[in-house]
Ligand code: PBG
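Okay, so here's just one chain, in structure tokens, the form predicted on its own.
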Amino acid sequence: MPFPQTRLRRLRATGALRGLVRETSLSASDFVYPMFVAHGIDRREPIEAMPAIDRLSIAHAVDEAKQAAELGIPAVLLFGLPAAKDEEGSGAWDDEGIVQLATRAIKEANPELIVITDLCLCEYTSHGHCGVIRSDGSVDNDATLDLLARTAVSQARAGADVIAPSDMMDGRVGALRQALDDDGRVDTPILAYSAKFASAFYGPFREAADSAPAFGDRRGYQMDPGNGDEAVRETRLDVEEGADIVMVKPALPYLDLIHRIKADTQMPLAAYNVSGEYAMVKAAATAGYLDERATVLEALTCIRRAGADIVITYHAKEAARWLQ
């Protein structure tokens, strides 16, 4: 009688059998592709820290979304760079704002593609924080909720299929759910950034979205990377308030929390493979230190294995091509 490990080795030795017994699958249908749409440009603007990712005009965003759909990617996630910024971030809820205009254009050209709109004020405020600022420099949580609710309704009216609040204000999922329901949008889902950490891995994103805070940092409302139990509690609160999908961000340094939160909530779970994770792999591959294709597919598979149903990744288009 052969030892059990011998039997496992025989299964791994044959390519076709490896596929049959593989525990975790990866396909383009697991991905969401993030895009940066900028007001007032008519071209692609390369993002230095994120090779192959550009700031896009609305027309280029439509083309980029079409490419994603043709690769089998079911959804895009939109971030907006507005024409102007102010203290409250009023461009976020402007019905003619950049995300609203891009959403309409993408849905008109690609009606079957799911458009998810990131909901936060940091890209729209002159100070770069995610909410209304008090005189002492802190964020006014409750005053911010009203502005987030206005933005959610505006994005949904523009055609957004899913609203994704990333601000990390307390009570925002309940406030958005109420606002959407009051506007007759009871079927618009909320994908909550439930466990969003105050991470060093966001640096390239802040360059891409021009959203670095002008003073201080976001540790007052984003989560401490050392706190796992708090992440589980925060996610439970979002579920109780009406979140339809929950998220862990970043992904790779937090695989343990992807696993814990999926097991705890049994909710659909997204993991955000963030800009810093993307940029590190790109830099290492460019230097010849890593095989980019093998590294990316391994990383995305492991995010799925940890428990993510959805993987938001800047590698989505490349990975989709490789998987073909």
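For clarity, every value in this text was computed on a predicted model and none was experimentally measured. Note that residue numbering follows the sequence shown and begins at 1.
The same protein also has a form predicted in complex with the named molecule, omitted here; what follows describes it.
When contacts are judged by a 4.5 Å heavy atom cut-off, Val274 counts as touching the named molecule in the predicted bound form.
Interface residue remark: Arg206 is counted as part of the site for the named molecule in the predicted bound form, having a heavy atom within 4.5 Å. When contacts are judged by a 4.5 Å heavy atom cut-off, Lys85 does not count as touching the named molecule in the predicted bound form. With a 4.5 Å cutoff on heavy atoms, Thr235 does not count as touching the named molecule in the predicted bound form; it lies far away.
Only one of Ala102, Leu191, Cys120, Ala160 lies close to the named molecule in the predicted bound form, with a heavy atom inside 4.5 Å, and it is Cys120. Only one of 134-142, 193-201, 170-178, 108-116 places residue heavy atoms within 4.5 angstroms of the named molecule in the predicted bound form, namely 193-201. Residue Phe79 is the only one in 63-80 with at least one heavy atom within 4.5 Å of the named molecule in the predicted bound form.
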